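Before any questions on binding or motion, here is one chain by itself as structure tokens, the form predicted alone.
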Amino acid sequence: MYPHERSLVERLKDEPFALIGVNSDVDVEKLKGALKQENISWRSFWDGPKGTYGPIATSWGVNSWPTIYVLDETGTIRYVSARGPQLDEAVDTLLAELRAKQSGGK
């Protein structure tokens, strides 16, 4: 998924969009190497030494990996598990809704 995520970040670099990753790797040093090797340019948090039972995964109810949540500008989860073209469509839809709100539309 990293190539698609990189292209999404690049395509939306001038938009009100943020991609945030949470990694459940147990070894933080290995994780740092993987982030560098995979050219991860977006914020990516380590969920601690408990791995898949870390505080972020636990509080968000994550029970499978990868889990993708797409949130709107209010922080409401609007899409779950969108990948590939569906992820692009979800983000583009939310950006269009935001533009409409900002211009006084629906």
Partner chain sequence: MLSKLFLGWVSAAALGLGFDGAADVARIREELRKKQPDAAARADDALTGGWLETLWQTAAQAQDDDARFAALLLAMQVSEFGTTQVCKEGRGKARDELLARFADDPKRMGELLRVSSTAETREAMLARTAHKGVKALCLWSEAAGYLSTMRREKLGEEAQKRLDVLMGLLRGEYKDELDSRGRRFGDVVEGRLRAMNDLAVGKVAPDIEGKDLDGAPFKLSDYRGKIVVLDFWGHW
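Positions refer to the first chain, counted from 1. Because the structure is a prediction, the values reported are computed rather than measured.
One more form of this protein exists, namely the form predicted together with the partner chain; it is left out here, but the text below deals with it.
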Within 4.5 Å, heavy atoms only: does residue 66 come near the partner chain in the model of the complex? yes
Can you tell me whether residue 39 touches the partner chain? I mean in the model of the complex, with a 4.5 angstroms heavy atom cut-off. no
Within 4.5 Å of the partner chain in the model of the complex, counting any non-hydrogen atom, which residues from 61 to 95 show up? 61, 62, 63, 65, 66, 67, 68, 69, 70, 71, 72, 73, 74, 75, 76, 77, 78, 79, 80, 87, 91, 94, 95
